[in-house]
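The chain that follows stands alone, in the form predicted on its own, written as structure tokens.
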């Protein structure tokens, strides 16, 4: 399996270093039900404000329901469709804007949904899967297609599957697949005590 382990400034746990957003999905390998359940269980146990669990995920498994998978796929931008067409599972992460118990506005719902998605992604990485989150989709279209209530913000589409064997990665994907992973230096994003005082 082709890996792009992060060149971290300090050591981190392996599953974080190995997580990356590939695009070369193997169209011949689906995700079995138990594996998919494990990913959802990981997301279920993410932390949330007041334990409200504001996340809701729509899941489209091409092998189980190809028509719904196609409807979801058609909500993606053209650029994402070019490679996501091989992903056996698509998902949509949505965030509740209202607390379930109180009915008051929940301004942390999107933050908490991001935490749930990261939990899902790390579980997927640990199980040898590849995950790619996408902002390139038509939120209005997916909302209408799948009757998503207005109170839920459509946050990200997610493609899941197994990586294509390295010797089968098509030429049009190689440049992006092999491009080095980069991040700003730690001290440019994390500050000690006051703004712009980089943590070192």
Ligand SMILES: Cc1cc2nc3c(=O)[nH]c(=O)nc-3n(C[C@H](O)[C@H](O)[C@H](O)COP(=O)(O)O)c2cc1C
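Numbering follows the first chain given and starts at 1. All values reported here derive from a predicted model rather than from experimental measurement.
Below, we refer to the form predicted in complex with this ligand, which is not included among the displayed structures.
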Heavy atom within 4.5 Å of this ligand in the model of the complex - the one residue of 170, 136, 66, 27 that qualifies:
136
Please determine, with the chain shown alone, which of 104 to 112, 125 to 133, 89 to 97, 67 to 75 has non-hydrogen atoms within 4.5 Å of this ligand in the model of the complex.
125 to 133
Looking at the partner-bound form in the model of the complex, is residue 21 within 4.5 Å of this ligand by any heavy atom?
yes
Is it the case that residue 119, even though its partner is missing from this view, gets within 4.5 Å of this ligand in the model of the complex, heavy atoms only?
no
With the partner left out here, which residues of 164 to 192 have a non-hydrogen atom within 4.5 Å of this ligand in the model of the complex?
181, 183
